[in-house]
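The chain that follows stands alone, in the form predicted alone, written as structure tokens.
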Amino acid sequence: MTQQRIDPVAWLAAPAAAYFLVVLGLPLALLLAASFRTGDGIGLAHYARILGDPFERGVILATLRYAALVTLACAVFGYVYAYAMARASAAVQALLLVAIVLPMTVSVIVKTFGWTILLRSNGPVNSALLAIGAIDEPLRLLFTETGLVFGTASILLPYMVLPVFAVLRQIPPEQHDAAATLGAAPVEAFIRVVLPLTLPGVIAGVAIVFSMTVSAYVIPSLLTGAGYKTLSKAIANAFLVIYNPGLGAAAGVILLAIAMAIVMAAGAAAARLGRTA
């Protein structure tokens, strides 16, 4: 029986693996351990409190709804932007790429404060709607779920556009033309040819945007204040306000589990697409 030897090149990944084990694995292990510590010892009291309380369950559902709406908005607008960018000329494509990448260099706090200015009662959005006669009085956009969804979607849009654009660039234009020569209408060619080929990029974008949205703290805090409850706010409240680290750790584990479930589901979907391609 021959003994398998580890490829020496694989040892090059050892420093990175050790680094992630220390800076990521160890804190997560400590968080998981803290979530089971109660005043009476070790138990599931914190999880029972979160999952058994209707208010806490409502916070989880509100977080999932928020993440789903943002992901849907990013998927729709991001796909259109990526498709237009992929079909544009080289010069226009470069401009569109800069326009979507450049905002990623700006702090999320700055971008979120920008949306608070845009959405306020006397902000540019309400002023423009009043100027064209679309509304008779300013709309309440700030501190609402609608404003939160659009603000978050605009900030996270690049994370949907770039994966979809990367896949679209790999599709030869001749495939679309071939579908047209076989009698497919433009919409039919897009649905039956282009869209299935771009699903891996869409799945990757959905996983990134959803996981980032479900764990967002700064954006909901600035755009909705304390009125809109999310899991990230509940975690901060448990640690910083009511000083219950066990409860905060349990909420953090639940949040991590949700994000990991989405990423794993996206990975499984991508692998399935790869097998059927």
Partner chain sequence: MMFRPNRRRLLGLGTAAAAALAAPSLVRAQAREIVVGGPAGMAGLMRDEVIPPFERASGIRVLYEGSRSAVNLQKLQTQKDRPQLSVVMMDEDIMMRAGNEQLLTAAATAGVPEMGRIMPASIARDGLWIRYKTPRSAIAYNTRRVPGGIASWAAVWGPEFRGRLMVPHMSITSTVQLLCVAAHLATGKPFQEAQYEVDAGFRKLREIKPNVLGFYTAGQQAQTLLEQGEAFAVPAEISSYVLMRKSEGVPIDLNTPTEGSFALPSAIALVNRGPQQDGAQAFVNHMLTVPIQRLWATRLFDSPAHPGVDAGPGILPADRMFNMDWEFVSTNRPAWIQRFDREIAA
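Numbering follows the first chain given and starts at 1. Every value quoted in this text rests on a predicted model; they were computed, and no experiment measured them.
Although it is not shown, the form predicted in complex with its partner chain is what the next lines describe.
In summary, among the residues A226, A33, L61, A48, the only one with a non-hydrogen atom within 4.5 Å of its partner chain in the predicted bound form is A226.
Remark: S127 does not count among the residues lining its partner chain in the predicted bound form, judged by a heavy atom distance of 4.5 Å or less. The closest non-hydrogen atom of V149 lies beyond 4.5 Å of its partner chain in the predicted bound form. Although the partner is absent here, V241 is a contact residue: one of its heavy atoms lies within 4.5 angstroms of its partner chain in the predicted bound form. Proximity of I135 to its partner chain in the predicted bound form falls outside the 4.5 Å heavy atom cutoff.
Residues R49, D53, F55, E56 are the ones in 43-76 with at least one heavy atom within 4.5 Å of its partner chain in the predicted bound form, listed in sequence order.
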